[in-house]
Ligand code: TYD
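One chain follows as structure tokens, the form predicted alone.
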Amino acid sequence: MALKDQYKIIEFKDLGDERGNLVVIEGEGMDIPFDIKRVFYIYGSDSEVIRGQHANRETEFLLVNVSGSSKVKVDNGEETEIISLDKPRMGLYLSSMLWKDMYDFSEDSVLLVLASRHYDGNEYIRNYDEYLEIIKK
């Protein structure tokens, strides 16, 4: 499968008014193609830190830099792509079985992550060589 078919950049509507901005993200096919089971966010990382460095067997993700900016390198074993997340209305949908590295965090970065599954350490692939073996089967 082509890498471009395994991720999608989504622009969410800004429903704000004179009182400020308001961005809504709804699951179950409304804005993202999954039911949201887990939410977490990453902050306090600096430009030298690399987060992620894994693939998930089943979990899908949506990443949004609600403050600041960061970069995400996605890799399907054949192609890589680097996506800059620098707008709070911009989401990056990632399908399962994609290797991901989040890095180059700005000082004010808050990276919000929505996940399709509850945490299960057994579905994480944390070794890149093992990931390559699995996807080539």
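Given the structure is predicted, the values throughout are model-derived calculations rather than measurements. Each residue number is its position in the shown sequence, starting from 1.
This next part talks about the form predicted in complex with thymidine-5'-diphosphate (TYD), which is not shown.
Participant: So which stretch, 82 to 90, 63 to 71, 44 to 52, 27 to 35, is the one near thymidine-5'-diphosphate (TYD) in the model of the complex (non-hydrogen atoms, 4.5 Å)?
Facilitator: Partner-contacting stretch among the options: 44 to 52.
Participant: Indicate whether residue 98 is a 4.5 Å heavy atom neighbour of thymidine-5'-diphosphate (TYD) in the model of the complex.
Facilitator: The answer is no: residue 98 has no heavy atom within 4.5 Å of thymidine-5'-diphosphate (TYD).
Participant: Can you check whether residue 119 is within 4.5 Å of thymidine-5'-diphosphate (TYD) in the model of the complex, heavy atom basis?
Facilitator: Taking the distances in the model of the complex, the answer for residue 119 is yes, it comes within 4.5 Å of thymidine-5'-diphosphate (TYD).
Participant: Taking heavy atoms only, is residue 124 within 4.5 angstroms of thymidine-5'-diphosphate (TYD) in the model of the complex?
Facilitator: Yes.
Participant: Within 4.5 Å, heavy atoms only: does residue 94 come near thymidine-5'-diphosphate (TYD) in the model of the complex?
Facilitator: Taking the distances in the model of the complex, the answer for residue 94 is no, it never comes within 4.5 Å of thymidine-5'-diphosphate (TYD).
Participant: Sequence order please: the residues of 72 to 100 with a heavy atom within 4.5 Å of thymidine-5'-diphosphate (TYD) in the model of the complex.
Facilitator: Not one residue comes within 4.5 Å of the partner.
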